[in-house]
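First comes one chain, alone, set out as structure tokens in the form predicted alone.
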């Protein structure tokens, strides 16, 4: 693909970001990371309190890239089949079956949002993880395919009763975990509360320009980005040193306040995690009009692609977010960049 075509796609990607930023204000960093995940074709965990705009954000992106948007709520009584089909009694008094959220859009499913995934049982997680990995599902004696689907999921971080946390091996299937927080800006906070345009989500999402990108072309273009953006040998050695530091941070002089570093890390980043980090870094370089990955591109995606993969001693799990942020920042500062 020519540089002109790469630039044309980049302009469309930046237009998409601009459209979404008009709808979900004060979230420039999460919007850039979601854009990155879309072009890197990776699934995403969203971290944030209730009511910070996660659903609005995903609906806005879906309108901009096209394809189907489906959502399901995690509940204690949710069963794996609820993702696939619904049964009900029709007016004729006979049982009927209708497609569930995974099948409703067919092969045009673009964005699937699992809200409060930790409220659902492990059997449900298992099905979702399989669909994420294979992008296919057998149901009704038919193989169903979801070649363009990206899964987004968030967790209920307030209630601990009747929740089933995603194990570390399952978290590793997600390319990123992206925090969505309330903007710390009085003008934006005031607008969110008092500007009535933010009160009607349907009308707000409808203001996004539709089909800025073509969802069914993203897989092919993602491969083009990965093959077009270079990573030098020096950059590869730098990434390797970052990886080693996630496994043994104390060897690199990294410390976290109030933490016994000898007991902290049970497992560092996985090979899959580092591979996904480089995929995301290449996309970030492309979005910034570069043809090679720089350390800044790795820094832009390092926390979001690595933090959720770290396995800490159980005594530190309750402080996971805080500790991971401080530890990874320490690693970036300790490992010399080329």
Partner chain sequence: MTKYFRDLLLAAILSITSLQALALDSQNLPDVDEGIVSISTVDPFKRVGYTVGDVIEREVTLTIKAPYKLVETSLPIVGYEKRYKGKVIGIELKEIQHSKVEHKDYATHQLKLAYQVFTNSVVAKNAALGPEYLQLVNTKNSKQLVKYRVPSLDIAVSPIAIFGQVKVENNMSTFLEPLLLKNDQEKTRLKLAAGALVLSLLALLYIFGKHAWLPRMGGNFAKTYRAIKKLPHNDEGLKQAVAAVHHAFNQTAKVSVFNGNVDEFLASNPNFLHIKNEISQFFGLSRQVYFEPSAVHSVGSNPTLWLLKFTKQCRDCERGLIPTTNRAGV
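The structure presented is a predicted model; accordingly, all values stated were derived computationally and were not measured. Numbering follows the first chain given and starts at 1.
Keep in mind that the form predicted in complex with the partner chain is missing from the display, and what follows is about it.
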item	value
Within 4.5 Å of the partner chain in the predicted complex, all of 240, 254 and 274 (non-hydrogen atom)	no
Heavy atom of residue 49 within 4.5 Å of the partner chain in the predicted complex	no
Interface membership of residue 232, the partner chain in the predicted complex, 4.5 Å heavy atom rule	yes
Exercise: residue 293 in contact with the partner chain in the predicted complex, heavy atom 4.5 Å	yes
Any non-hydrogen atom of residue 4 within 4.5 angstroms of the partner chain in the predicted complex	no
Answer range among 37-45, 52-60, 308-316, 284-292 for contact with the partner chain, defined in the predicted complex as heavy atoms within 4.5 Å	284-292
Residues of stretch 321-335 in contact with the partner chain in the predicted complex (4.5 Å, non-hydrogen atom)	332, 333, 334, 335
